[in-house]
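Consider the single chain below, provided in structure tokens and representing the form predicted alone.
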């Protein structure tokens, strides 16, 4: 197998690893006059403007969002300043309309799979920090990963994963490639058919272009890296020492390298609580607009992790920038309006009530039945082990419980992974999302995959609750897509008879 030099050798120390792995020639070409695209001073100047904005100005901005156009930083800053309850309610309603226009009435589900937690970095907020002597370090082999997937795909019913690991020579690109082959190759019998993971997204360390091309060839979905904080000074304080993660620009330009390497979709985010949440929202908009301008493809997803308690990481609960629930939800609303085409992920870091409200404000993806310890699915425990996982989860509901909760709200759960098999990725899906066309395909595939999941995994009570919702969605397809409907009905009947993985 072809590998990069960085993955062919062992490293004596962190400096050796950084010197061989971080490629400054793959950073510098994205800079302008030795400056990156996050203008701290300009963002602070926008935040210095105070006072309630003019309501008509806000409504004009909302109309632009409803037309699925990316907002400017100035327009985003205006929305951040809205405090009037009535106007905030209008923003929430507009955010819901944008979500429904682009993604229809559905929530996509996934699960995180942590496969290795040795890490070279010294992040002050993370339980995986190399300085944390309390953390139990584990590196899963391929049989361990297979067992995790058997539970995820065959026991719970997940179809897509986000693969996570610490940044360490053990977690090389070769290791990730082996893990991908193992995950995609694992099949499990269910009540009515055969289940497997159909899409693996990655949430791993920034990489050189050469490594990203290898991962693209292995069939990854979205390549996801969070900047953690875009504020330059805060970033340096949060990531001390000569570690791979202490290089702000290597991390900042990783989405550029991924798109240059041919990766179809990329995901961005911050860890809310490391700096002023309003600054982070504006920086995310700058990042989205930079990718649009340079590659004509914005972020496929924006994620909203927030600081949670973690092993030997007191900053996680004592940061001066901790974000209240109200501000956190306002940030979600503003970003749904500012980057209206992007999928938005609210994870099980958050409590059940916060996640429910985040859906109302336009989030499109949620995990469920999640475990963030290494090997934690196979050795299932009701108790979270703070010294064996990256952080503490706020919502530990099962996938079945989440599906039922969404159904009570009138929202269908989607297990769709069709886009990557049909070529609706990258620039293609960006165009389809902005015009609302993708939502129609998404509804069809959501119905088909929901039928699969209900037949294979739902308990009788869940089936009784969800069946009317599924039939309502099928009827909407009949009304909205009358020419396609006979083909959809045929696929639905075949799935009901036990066939699997039919998609449009």
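These numbers were taken from a predicted model, which means no experiment stands behind them. Residue numbers count along the first chain shown, from 1.
Although not depicted, the form predicted in complex with a small molecule is the subject of the following passage.
- Of the heavy atoms in residue 328, none are within 4.5 Å of the small molecule in the model of the complex.
- The small molecule is not drawn, but in the model of the complex it has a heavy atom within 4.5 Å of residue 228.
- Shown alone here, residue 160 lies farther than 4.5 Å from the small molecule in the model of the complex, counting heavy atoms only.
- For residue 363, no non-hydrogen atom is located within 4.5 Å of the small molecule in the model of the complex, even though that partner is not displayed.
- Screening 246, 301, 203, 105 for any heavy atom within 4.5 Å of the small molecule in the model of the complex leaves a single hit, 203.
- Proximity to the small molecule in the model of the complex, defined as a heavy atom within 4.5 Å, holds among 310, 281, 252, 266 only for 310.
- Proximity to the small molecule in the model of the complex, taken as heavy atoms within 4.5 Å, picks out 165 to 173 from the listed stretches 352 to 360, 90 to 98, 143 to 151, 165 to 173.
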